[in-house]
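Before any questions on binding or motion, here is one chain by itself as structure tokens, the form predicted alone.
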């Protein structure tokens, strides 16, 4: 059982619960942010739990990233790594975890000041990468990813103490209405959904393919949808989506011919490093959740990724 001091108990043998968030959404003092555009983005993020930054990367940069990810996915040595998730029933790569340690190009992207400035501003501190991955989502047969809060998983399975992390998705392909775009519930970051059911050890092996544990109950999702609504995130390749670690999100299946791929970074405050998982769970592998000693990310000036 979780200690009674745990403000965000979840996956215990009890009914689901909706718990009011106890931390800020944006940790920076907005009154002290002199850049008007940055302040506007942070204010939107604070209210909605996400923000879309259009055309942050150029077409040439997107093509470089797309080619790099595709090249990695075609290498047999990459396919054989524990970090790599293959599509069920095929030898095609679905995701590559800890991809910033495999690719110098992706490492440069994760440290690009255009991303780090936003992550630091949201979290009010230096940051490190809790997780990174490349997601290759082909057309026709991409499966849905059910509603979930990243923080619920990171809190229970990784021991992340507080809601002081932000997810970042760099779009490598256009996200439109037909190809199963990311969907968010704006404002849902203010509510923590305590989920029902215990979590077996090594559940990450299944959850990296399909969200199975830490899935909210129907009544809680209905409440959030009624309170917050549901918004598909429609944006072009080269755009970036930042969303709060507790924002409820998911995606429909993609039965269109159009692929939907992205690079994903989970930035966590250095003041929020993970501890022991809840309920005696075995810590997830390092490539899923950074636990080893780390240094704060240092920015690369945005003079291009080449």
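Numbering follows the first chain given and starts at 1. What you are looking at is a predicted structure, and each value in this text was computed from that prediction instead of being measured.
The protein also exists as the form predicted in complex with a further copy of the same chain; that form is not presented, and the subsequent description refers to it.
J.: Three residues, 85, 88 and 153; all within 4.5 Å of a further copy of the same chain in the model of the complex via heavy atoms?
T.: No, none of 85, 88 and 153 comes within 4.5 Å of a further copy of the same chain in the model of the complex.
J.: Determine whether any heavy atom of residue 227 comes within 4.5 Å of a heavy atom of a further copy of the same chain in the model of the complex, and answer yes or no.
T.: Because no heavy atom of residue 227 falls inside 4.5 Å of a further copy of the same chain in the model of the complex, the answer is no.
J.: In the model of the complex, does residue 143 come within 4.5 Å of a further copy of the same chain, counting heavy atoms only?
T.: The answer is yes: residue 143 has a heavy atom within 4.5 Å of a further copy of the same chain.
J.: Quick one: is residue 113 in contact with a further copy of the same chain in the model of the complex, heavy atoms, 4.5 Å cut-off?
T.: Result no; residue 113 lies far from a further copy of the same chain in the model of the complex.
J.: At 4.5 Å between heavy atoms, is residue 222 in contact with a further copy of the same chain in the model of the complex?
T.: Result yes; residue 222 sits at the interface with a further copy of the same chain in the model of the complex.
J.: Could you tell me which one of 124, 80, 232, 197 places a heavy atom within 4.5 Å of a further copy of the same chain in the model of the complex?
T.: Of the listed residues, the single hit is 232.
J.: Exactly one residue in 48, 254, 261, 272 has a non-hydrogen atom within 4.5 Å of a further copy of the same chain in the model of the complex; which is it?
T.: That would be 254.
J.: Please determine, with the chain shown alone, which of 89-97, 159-167, 129-137, 213-221 has non-hydrogen atoms within 4.5 Å of a further copy of the same chain in the model of the complex.
T.: The contacting stretch is 213-221.
J.: Does anything in 160-194 come within 4.5 Å of a further copy of the same chain in the model of the complex by heavy atoms, and if so which residues, in order?
T.: Read in sequence order, the residues that approach a further copy of the same chain (within 4.5 Å, in the model of the complex) are 177, 178, 180, 183.
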